[in-house]
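Here's a solo chain for you in C-alpha cells, the form predicted on its own.
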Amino acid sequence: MNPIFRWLDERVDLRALKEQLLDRKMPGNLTWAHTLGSATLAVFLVQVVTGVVLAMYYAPSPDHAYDSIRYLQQHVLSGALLRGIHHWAASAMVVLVLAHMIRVFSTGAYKYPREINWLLGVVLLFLVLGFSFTGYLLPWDQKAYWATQVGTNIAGTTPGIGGMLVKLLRGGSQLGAATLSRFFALHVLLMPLLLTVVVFLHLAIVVRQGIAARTGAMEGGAPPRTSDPEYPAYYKQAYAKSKGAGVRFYPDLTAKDIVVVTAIILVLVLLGLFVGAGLEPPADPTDTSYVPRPEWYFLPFFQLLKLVPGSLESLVAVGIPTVLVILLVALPFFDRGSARAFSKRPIARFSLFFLLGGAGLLLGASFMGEQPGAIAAEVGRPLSNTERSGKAIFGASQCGSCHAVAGKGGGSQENAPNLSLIGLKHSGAWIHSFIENPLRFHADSKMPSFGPPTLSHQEIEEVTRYLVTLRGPGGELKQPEFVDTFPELPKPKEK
C-alpha cells in the first residue's frame, strides 16, 4: 500500500490532512458528554442508509403508500427491522441534538468564539424536527394523516400568512396526493441536502476552533465580559494551556466515540427488532372522530395548546415557537459574561430547569390525560370507493348508535351484536339479506328493516361491501368461518 499512499499523498497531502483531523491535540479532562456530537452524526448516517433502502420500496401516492409500507414489512427480507431502526433513530436524533445543545448551553460553550457554531446547532435542531414532521405523513395511516392535518392547521393560525403557509405545506387547500408528494420530496431530497451542508459547516468550525475546553480552564483570571478587548488574547492563551495537558483526538477521544456510537446503534437494532414501528389503519379522511396523537417530542407543545383558552390558542401556537427561536438565536449575543460554569450562571440555571421541568410536566400530563387514538384495525388496506361509500351510509344511518365497530359506537340497544368481526362470520349475501329484512331471520329482532324505500338495493350492497371488510387486526390473513342460515321463503298460497 505504500506506493499508493505516496501517490495520493503527493497529490492531496494526506499527511497534513491526518495531522489536522486525527493527530490534533484536544483539551484535557473531556467528559463522555463530549461524544454527543459524534453520536448524532452516526445516527444521521444510520438514517441515511436505512432511508435509502426504504425509499426503494416506497410509493409516494395515497393509493399505494400504505400498501407499499405493508409490503415492506411483511414480504421484504428484514424490511420490518429496517423500518423499525429508521423510526427509532428519528427519536434518537431528537434526543441527541437536544442533549448536545443542553451540554453546550450548560457549559457556556456558545460564547466567544463559538457563536456561529451555536447558530448552526439551532438550525440543526429545527431541521431534525422538520425531518420528523415531514416523515410523519409518509406511512399514510390514520395517525400520519390526522396528526399532519393538525400540524398544518397550526401553521394556518400564523397571522397574515397562515393561509399561504397551509397551501405551501399541503400543495393546495386540502391534505392529499400533492401533500404526500411534497412531504416525500422534502424528506428525502431537500432536508438531507440542507442537513448535510449544515453538518459539514458545523464540523469544519469544530476542527478549526477545537472542542470546547472544561469550564474551569477558561475562567481563571478572565476579563468580566467576552466583549472586552482583552478577552480574545486571554481566550487564546487559556485554550492553548488547556491543550498542554490534553490528549490526541485519535485514538484517545475516538475510543470514547466508538463505544457510545456502538451502544446507541445496538439499542436501535434491539428496538427495531423487538418493538418495531407501528402502523395504524389506512388513512381515512372521513373519520373525523379519530383523535391524533403526535410523537412524544411534539406532545408537550400539543398539550400546552389544550390548556389555553380557544381565544389564545393562535397566539400560543405561533408566539411560543417564535419567541423560542429568537431567544436561541440571540443567546450568544446578549449573554457576554465570561463565566461559563453552570453554578455561576443563576439565570441560565433557572431558564433550563424551567424549560425542562415545564416540558416534562406537559409530557406527563399528555400521557395521563388521554389514551392514544389508535383503535383495532377495521381492514388492513385502504377501502375501495364502494366500501368507503358503504361506510359513509353506515354512519349516516346511525348504525353505530347500536352496533360497535372496532371499539367505537354501540351501547344504545341491548343485544345489538358487535360488528368488528362480522366479515369472518357471515357472507356478503347473508348480510345483504339481513339488512333488507331482519324479521325474516329473527322474528323478535328489534332492528328495523332498511330495505327499499329506506335504502336502495345499491346502497345496501355498498354497506354490505364495507361490512365484509370488518375482520379485526390481521383479519385479511384469517380464514372466514361462516355460520349463515337462510330461512325458507314463505310458499305461495295455492289457488
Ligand code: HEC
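Numbering starts at 1 and follows the sequence shown. By rigid core we mean the largest C-alpha set that fits within 1.5 Å across both forms. All figures in this text were calculated on a predicted structure; none of them were measured in a lab.
Just so it is clear, the following notes concern the form predicted in complex with ligand HEC, a form of the same protein that is not shown.
J.: Since the partner isn't included here, can you check whether ligand HEC sits close to all of 398, 431 and 442 in the model of the complex (heavy atom within 4.5 Å for each)?
T.: So, yes: the whole triplet contacts ligand HEC.
J.: Using a 4.5 angstroms cut-off on non-hydrogen atoms, would residue 417 count as touching ligand HEC in the model of the complex?
T.: Flag for residue 417 set to yes.
J.: Check residue 452 for me: does it contact ligand HEC in the model of the complex (non-hydrogen atoms, 4.5 angstroms)?
T.: Because no heavy atom of residue 452 falls inside 4.5 Å of ligand HEC in the model of the complex, the answer is no.
J.: So in the model of the complex, does any heavy atom of residue 64 sit within 4.5 Å of ligand HEC?
T.: Flag for residue 64 set to no.
J.: Does ligand HEC get within 4.5 angstroms of any non-hydrogen atom of residue 394 in the model of the complex?
T.: The answer is yes: residue 394 has a heavy atom within 4.5 Å of ligand HEC.
J.: Report the residue, out of 306, 425, 256, 388, that has at least one non-hydrogen atom within 4.5 angstroms of ligand HEC in the model of the complex.
T.: After the contact test, the surviving option is 425.
J.: Looking at 30, 36, 46, 447, which is the one with a non-hydrogen atom within 4.5 Å of ligand HEC in the model of the complex?
T.: None of the others qualify; the residue that does is 447.
J.: Just one of 169-177, 399-407, 315-323, 354-362 has heavy atoms within 4.5 Å of ligand HEC in the model of the complex; which?
T.: Going by heavy atoms within 4.5 Å, the stretch is 399-407.
J.: Aligning on the rigid core, do we see the C-alpha of residue 196 shift 2 angstroms or more between the shown form and the other one?
T.: Where the cores coincide, residue 196 shows only a C-alpha shift between the shown form and the other one that is less than 2 Å.
J.: Core-aligned, does residue 77 move its Cα 2 Å or more between the shown form and the other one?
T.: Comparing the forms between the shown form and the other one, which are aligned on their rigid core, residue 77 does not shift its C-alpha by 2 Å or more.
J.: Using the rigid core as the reference frame, would you say residue 463 shifts its C-alpha by 2 Å or more between the shown form and the other one?
T.: Yes, because once the rigid core is superposed, the C-alpha of residue 463 moves 2 Å or more between the shown form and the other one.
J.: Note whether the distance between the C-alpha atoms of residue 432 and residue 63 decreases (closer) or increases (farther) in the model of the complex, against the displayed form; the change is 3 Å or more.
T.: The answer is farther, because the C-alphas of residue 432 and residue 63 separate from each other in the model of the complex by 3 Å or more.
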